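A lone chain, given as structure tokens: the form predicted alone.
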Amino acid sequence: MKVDVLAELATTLEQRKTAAPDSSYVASLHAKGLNKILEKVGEESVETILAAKDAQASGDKKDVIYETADLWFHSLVMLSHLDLSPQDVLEELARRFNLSGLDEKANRTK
């Protein structure tokens, strides 16, 4: 049985969006607002970068997986806070699938 982790997580994040701040970590982030959520995304981005550098040097990739999961999680909280879903991002990725990365990047500056 295949579980759609992103869909299940998105559902949970939406449920916790309006929950009492003391009932869950996600609810407390939503209560603190977008700036706090963005602070966490930034923090997790730095930790992911450092873990990737360490993984390249040591060959141990355990921490980069852990930190990337934290980064994705907090990015999903951010999307939820902005009334967006993982599906919105997946659709954008699908749109780009047959585009040259160089062409797509060039079109951003126009």
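On a predicted model such as this, the values are computed, not experimentally measured, just so you know. Numbering starts at 1 and runs along the sequence shown.
The protein also exists as the form predicted in complex with a small molecule; that form is not presented, and the subsequent description refers to it.
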{"item": "Contact label in the model of the complex: D63 to the small molecule, heavy atom within 4.5 Å", "value": "no"}
{"item": "Proximity of K36 to the small molecule in the model of the complex, heavy atoms at 4.5 Å", "value": "yes"}
{"item": "D54: touches the small molecule in the model of the complex, heavy atom cutoff 4.5 angstroms", "value": "no"}
{"item": "4.5 Å heavy atom contact, V89 and the small molecule in the model of the complex", "value": "no"}
